[in-house]
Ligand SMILES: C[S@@+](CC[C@H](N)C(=O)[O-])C[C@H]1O[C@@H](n2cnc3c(N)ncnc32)[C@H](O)[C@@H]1O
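Take a look at this single chain, the form predicted alone, given in structure tokens.
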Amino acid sequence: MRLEICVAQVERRLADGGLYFGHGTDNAFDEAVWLALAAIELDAGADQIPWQKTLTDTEQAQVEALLARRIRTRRPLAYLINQAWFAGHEFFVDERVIVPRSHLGEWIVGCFAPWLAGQPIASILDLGTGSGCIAIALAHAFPAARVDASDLSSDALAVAAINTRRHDIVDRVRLLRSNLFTGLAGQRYDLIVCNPPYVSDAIMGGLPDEYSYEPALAFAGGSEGLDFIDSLLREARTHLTDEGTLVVEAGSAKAAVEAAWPQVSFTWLTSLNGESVVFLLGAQELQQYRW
């Protein structure tokens, strides 16, 4: 069987399996390609895919076994193969952290241009780092900056440590255990980036099965999805330099953010897919509003 035929068959079975695609892919075809290549130990991130490759019986069996696990368990593929991508980089993931898929990756690659253009960035904080993917991507994008990556979860920090070693960036990304800013007393940054828990209680109750494998701590944002964001906005100013910038992904809580603080002129960044769920605020803007 050629790889292209195998992928087509996997796609059909994934589509018929009642699965949710949102943990590294958003459709059955892309996941089928990723699954098949991972099963036969080929690089899904390669520029060229060997569509005409003939699979051996052993390789076909490997694809079938991985596909069966995905359908039977509904566990995200990223966890089954301990692999995910973010901002063009590959990362190790397991069920101690959420699967990387933040909109922030799109802006990190471009160094948040044009909003930070010309602004010296010497110190960065990734607040709630999880797998470390955002912190590591920031370190790659801003090679002159030191990066702190904090998280409340010691399990998440253990995964982040794996990724800093894999990216050979241990000397530039410092991992810290902190609940919001409690473990960061006296620290100030030119840039704070955060993908906080922002899922409201109502949405949490209706999430697909795939989400049940991810740590709820990284999702649950309270009744309106604002519990973490509210504290973040109240405390961020004291941890930014005078010309510093806060960048936050609000996700499904965007409407709640705008309703809670109608007086604030949030700068919403529009991604390539047309969504505007990431906001930016400068230190001076944070200073002028009463949170």
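Keep in mind it's a predicted model, so treat the numbers as computed, not measured. All residue numbers refer to positions in the sequence shown, first residue = 1.
This next part talks about the form predicted together with this ligand, which is not shown.
Although this ligand is absent from this view, report whether residue 129 comes within 4.5 Å of it in the model of the complex, heavy atoms only.
Residue 129: yes, in contact with this ligand in the model of the complex.
Does this ligand get within 4.5 angstroms of any non-hydrogen atom of residue 139 in the model of the complex?
No, residue 139 is distant from the partner.
With a cut-off of 4.5 Å between heavy atoms, is residue 98 one of the residues that contacts this ligand in the model of the complex?
Yes - in the model of the complex, heavy atoms of residue 98 and this ligand come within 4.5 Å of each other.
Wondering, does residue 76 line up within 4.5 Å of this ligand in the model of the complex on heavy atoms?
Contact with this ligand, no.
Selected contact from 266, 228, 261, 34, since only one has a non-hydrogen atom within 4.5 angstroms of this ligand in the model of the complex:
Looking at the other structure, the residue within range turns out to be 228.
Name the single residue among 200, 83, 178, 164 that comes within 4.5 Å of this ligand in the model of the complex, judging by heavy atoms.
Going through each option in turn, the one that passes is 178.
Considering this ligand in the model of the complex, find the one stretch among 164 to 172, 215 to 223, 114 to 122, 200 to 208 with heavy atoms no farther than 4.5 Å from it.
Residues of 215 to 223 come within 4.5 Å of the partner.
With the partner left out here, which residues of 188 to 215 have a non-hydrogen atom within 4.5 Å of this ligand in the model of the complex?
Result: 195, 196, 197.
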